[in-house]
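In structure tokens, the next block holds one chain alone, the form predicted alone.
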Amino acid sequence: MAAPGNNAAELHIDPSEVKKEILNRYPAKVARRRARQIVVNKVDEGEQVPEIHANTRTIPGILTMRGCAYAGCKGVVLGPTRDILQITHGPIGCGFYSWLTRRNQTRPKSLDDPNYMPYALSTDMQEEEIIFGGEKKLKKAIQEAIELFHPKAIGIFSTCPVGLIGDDVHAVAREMEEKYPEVNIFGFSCEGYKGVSQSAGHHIANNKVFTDVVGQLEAPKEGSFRLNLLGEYNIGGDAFEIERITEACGLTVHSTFSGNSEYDEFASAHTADLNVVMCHRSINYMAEMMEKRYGIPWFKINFVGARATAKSLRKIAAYFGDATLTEKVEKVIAEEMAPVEKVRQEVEARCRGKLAMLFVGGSRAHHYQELFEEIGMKTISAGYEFAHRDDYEGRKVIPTITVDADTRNIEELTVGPDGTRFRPRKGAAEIERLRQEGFRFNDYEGLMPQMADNSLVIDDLNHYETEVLIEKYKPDIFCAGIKEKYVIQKGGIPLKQLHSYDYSGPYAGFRGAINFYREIDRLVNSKVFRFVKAPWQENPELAGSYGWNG
């Protein structure tokens, strides 16, 4: 494997040939399926891109990058909430491995405020519970948790064995809530096998938080410009940086779903006047339902990247349409961009032309391309772990997406206007005027319309395909998660984790952009990776064959 450092201009690689080589190693049936998930990008007029196959089951035997529905529900959406006590009903391993692995940070408002994020609570199911049922053990765990922590709310998360043996976590929640009416207790049927990936868990989490938490408390925060930030999980302190910026602009972030968040903010989120969505894959369900029930409009924003942050702030200011707010936002952008631009130019001189690959979940494979572009780097291949077609092609394709058995497995809530609390924040004429000015409400573009022609877009990348990409393209940096990290680095390619940031961050907002520029500069220009010798270079793969003498 050659050392990294190829300039994009030096590449003469036909992505169709790379795709062909990948597929040649698969059995015919597998190759046919994967061919629809590996797409050479081509953007036509009107952002038309090729169709990609997504949100389908991983083929057994393939080493996927994906997580399960339980991981998406408990680990992603609810995990960063500091004062909802979270009990995993299942074996201890599920609870342990969903415990803060994404480095979600939190900052209680006072020393007296509860923070349950350092705790991993589990019923620790054993063989006895698998045979005779675990509901008694779950009730005992809830009772013990209430006596110890006195929480406002408890979430119960089902793992695979719970669904298989038929434990009814919802009945247990109702029974325990009758016993402890001061505690909001709710369960999630988020068994790992629900759906094809962690995406199913996001949807399950959204449904339950919406029905059992949002709207439970009438406590609007003070402020003239109040919004909820959806799909920001405060990895490495991202939400802290966003809060710093929005406060400086005079905006009030009522709640963040769900980084640095608390129960009361969720329960009163329906009182805000705008929902902005960062990670649309994990939480667009919530935005849709809050608009239908409470009349809160939503649109997509992105606080990853300095230019993207400035653009998002301007968009929010334009929505509220207040001259004083607009002036303040412009002042903040001008002050913040000066130091950002100084570092950006310094780093760009060393990074321009270098190549990146991004295979991360949610919207991150999309958002982080803006940061790389700001320092002159090019993304030559990207994809998601758990995306749907709209995450790639744009929201306009949703009506054409086939609903299969795996999708039907997740409940779709029927939501209508609340009888007393539905209040459209903008009239139809005002919404139309904003649309005419370029606002795209209830919409997002998707990854592929923003990627260059001939870039290779791959859904549900696996270990073997990763090796082919690295061998062919020799990127300067590969962005993925912990499962890929060490194999790629042993191959002489730096890997940046964009799920947990490798103990660094924040990377959102203006100061986050500076952190990211410097981190990527260190990685792609470090000489250390050139000296890495992969173990398999000295002990190559053993190959064998079967013989039949019958």
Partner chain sequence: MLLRHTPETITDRSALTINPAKTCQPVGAMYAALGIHNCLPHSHGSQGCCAYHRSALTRHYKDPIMATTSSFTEGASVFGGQANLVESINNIFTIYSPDIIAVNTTCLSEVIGDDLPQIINKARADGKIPPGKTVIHANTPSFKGSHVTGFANMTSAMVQYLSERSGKKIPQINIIPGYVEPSDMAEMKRISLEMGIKSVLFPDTSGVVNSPLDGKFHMYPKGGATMEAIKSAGDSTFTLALGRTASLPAAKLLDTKCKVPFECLDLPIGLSATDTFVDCLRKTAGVSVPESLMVERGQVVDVLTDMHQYFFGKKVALIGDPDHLVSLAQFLTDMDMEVLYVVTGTPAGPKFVRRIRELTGEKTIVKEGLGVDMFQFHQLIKNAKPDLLFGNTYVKHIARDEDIPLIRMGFPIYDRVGHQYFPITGYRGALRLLEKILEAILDRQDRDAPEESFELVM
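Here the rigid core means the biggest group of C-alpha atoms that line up within 1.5 Å when the two forms are laid on top of each other. The model shown is predicted, which means the values in this text are computed figures rather than measured ones. Positions refer to the first chain, counted from 1.
We do not show the form predicted in complex with its partner chain, though everything after this point is about it.
For the marked spot (V30, Y97 and Y464), a heavy atom within 4.5 Å of its partner chain in the model of the complex is present in each of the three residues. Within 4.5 Å of any heavy atom of its partner chain in the model of the complex lies no heavy atom of K342. The closest non-hydrogen atom of G155 lies beyond 4.5 Å of its partner chain in the model of the complex. Proximity of V196 to its partner chain in the model of the complex: non-hydrogen atoms within 4.5 Å are present. The closest heavy atom approach of P220 to its partner chain in the model of the complex falls outside 4.5 Å.
Screening 330-338, 447-455, 204-212, 405-413 for residues having heavy atoms within 4.5 Å of its partner chain in the model of the complex returns a single hit, 405-413.
Of the listed positions (Y263, F320, Y116, F439), a single one reaches within 4.5 angstroms of its partner chain by any non-hydrogen atom in the model of the complex, namely Y116. Between its partner chain and the residues G353, P424, G93, P417, the one pair within 4.5 Å by heavy atoms in the model of the complex involves G93.
Heavy atoms closer than or equal to 4.5 Å to its partner chain in the model of the complex belong, across 40-63, to the residues R57, T58, I59, P60, G61, I62, L63, ordered by sequence position.
Taking the rigid core as fixed, one finds a CA shift for K533 of 2 Å or more between this form and the one not shown.
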